[in-house]
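Alright, here's a single protein chain in two forms, structure 1 and structure 2, each given by itself as structure tokens.
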Structure 1
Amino acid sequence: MVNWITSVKSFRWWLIAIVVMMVLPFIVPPSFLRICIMANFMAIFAISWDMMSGYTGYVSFGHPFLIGLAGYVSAMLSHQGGFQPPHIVLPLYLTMPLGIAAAVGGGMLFFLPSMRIRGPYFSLISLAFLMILSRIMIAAGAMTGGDRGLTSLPYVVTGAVNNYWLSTGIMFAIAIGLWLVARSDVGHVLKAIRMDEDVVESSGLSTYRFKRFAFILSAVTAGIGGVFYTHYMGSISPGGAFDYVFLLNIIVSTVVGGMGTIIGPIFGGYFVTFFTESTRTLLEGAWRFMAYSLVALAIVYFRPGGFYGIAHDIAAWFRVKRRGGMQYDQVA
């Protein structure tokens, strides 16, 4: 059992990461920073997915539902056209919390009842919700802009450097916050649910309450990511928010980085974004996505533990080498 207050030592990696990220804007061009911004958002979405699915094992295909709902609510309220017929245009500091609240509320209304149902049913139902929301957003064209979505939304801040600071700050705040939660006893219970839910239940814990806690954290994170992403891009559309590729990117980021680790998804988010961006000039259209899907498939197949698992193995190997042999507490 790790007591996170006493293990201040493990914060040193966070410090190194934060220092690196703070130096970055002074040495790289804005075009590179723009990729980092996308990577930060992808990392936020992946952390959100990891908090729920990576820890509890309830694979959600519906995270774009939460992200898209938050983004759409904030976009509809802040759009110049406003709500029709009464033209209300609210400022961002009101619409963004409302968007996050919509993600949490909508999620609790739809996802939580299905979390009582175990196994593959939850995954299928979450995908179904995603499809329904996507259809409704297209059908309710008067408010949501239909297929084309809403454009020219207000920005939170402008310029690559400002957006970089903003997205990096949010990403680190969320990551460290959830990392602390995941290292606490709650995180252990969530991992135990993934391994054997019946055992957790029979030791007197209400697994539903733990799942609900994980879900709310996940939904808040998804909502924050969703509204900031929407107002960074300045537009939202069903093709972007509810696309399978978007869903794939979130899941692949988490799995490639390492499920159930919070830190892994950050690496996964950066890997996925930089991989798809760096191949943009080399390969075109479908070839790029094909290459990306195949790489993702290979990592999932050969290294289900992801980058975090690989790093863990390497670190363990060095420890064993230094001490000259395998010791009991290092096996796991």
Structure 2
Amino acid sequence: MVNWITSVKSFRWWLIAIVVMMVLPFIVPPSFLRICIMANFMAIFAISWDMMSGYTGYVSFGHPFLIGLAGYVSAMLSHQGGFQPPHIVLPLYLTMPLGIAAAVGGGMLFFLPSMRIRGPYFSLISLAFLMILSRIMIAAGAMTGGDRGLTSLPYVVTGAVNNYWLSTGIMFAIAIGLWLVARSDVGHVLKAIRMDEDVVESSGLSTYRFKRFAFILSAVTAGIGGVFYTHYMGSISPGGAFDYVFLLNIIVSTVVGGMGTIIGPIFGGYFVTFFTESTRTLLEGAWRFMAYSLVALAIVYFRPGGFYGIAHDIAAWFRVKRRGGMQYDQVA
């Protein structure tokens, strides 16, 4: 069960974060909001990866598979390109749920069976299916646009401010929902699976059922992020949806933010997005990638808990100052 008393107390931090985010559109220019929108989507993808890999220890290299599949299904059903054969064009309120369902169904069909096997097989199979789906989307150019992908897709809303409200609302709804799951008994079992799956099995619990639950939550989150991201960008292509840098950004966001915390990936998503955007004019592609990788490595090396661990230490320090006298180590 969720510890509701502790959760209610912790909600004040969520409320503070929501208030801060609500103020931003009134004090920052639209260009800053557009970066925040990208950070919100990166945070959603990182939270999705954290729900699966951070909580169960099964490292997924196929998350872009779920995100891209959801985006492509919604894009193909909502758009009639000149090169495409005539087909039914559906409104977004139908294509987006279908895209999310495709992510969940595709993930359960291809990834989930490999979770019955211990070891790195899940990671390898998820990476293999990511590569296969990328090739399929290129080969099926008559419907997917091949290498160029699909463009001129319909938008959910237009304008930087409206998209900021939308992406921020989705991010907080997903984060708070999964945060409550993580604080429940289910979340504790998932963490126990990550630490020692054999011990959980010996207690009589079916670890596969818990891993399946975590995977479905992760796939739904990835699907939601995938469809909204696709219709925010107004385009989708194999080079963007299935790119390895995109996968690495998701993983780095989670690791530097703090794995197995749900909140940490939000910090990580904002860090990766703002770091890459702020250095875009200073460093070229490969150098920018190397710079942010070195910064991420330094954060993980000196503080394995990432930004979440750093925030936890700062909060503990303030509690010590407020109480006055107790040693910091006793609290931290």
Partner chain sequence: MLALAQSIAINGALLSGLYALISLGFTMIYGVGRVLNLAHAAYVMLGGYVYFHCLQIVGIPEPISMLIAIAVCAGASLATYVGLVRRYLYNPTIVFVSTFILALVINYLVVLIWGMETKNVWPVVSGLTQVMGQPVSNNMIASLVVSWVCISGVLLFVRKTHMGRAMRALAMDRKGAIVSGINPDRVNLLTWTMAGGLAGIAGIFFGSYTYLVPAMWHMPMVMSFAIVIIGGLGSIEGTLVAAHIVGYMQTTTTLAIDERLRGVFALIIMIIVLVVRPKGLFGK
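Treat the numbers as computed from the prediction; the structure is a model and nothing was measured. Residue positions are counted from 1 along structure 1's sequence. Think of the rigid core as the biggest set of C-alphas that the two forms share within 1.5 Å after superposition.
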Looking at both, which one would you say is the form predicted in complex with the partner chain?
1
If I superpose the two forms on their rigid core, does the C-alpha of R34 end up displaced by 2 Å or more between the two structures?
no
Once the core is aligned, please say if the CA of R303 is shifted by at least 2 angstroms between the two structures.
yes
Tell me, please, whether between the two structures the C-alpha of I314 is shifted by 2 Å or more, with the rigid core used for superposition.
yes
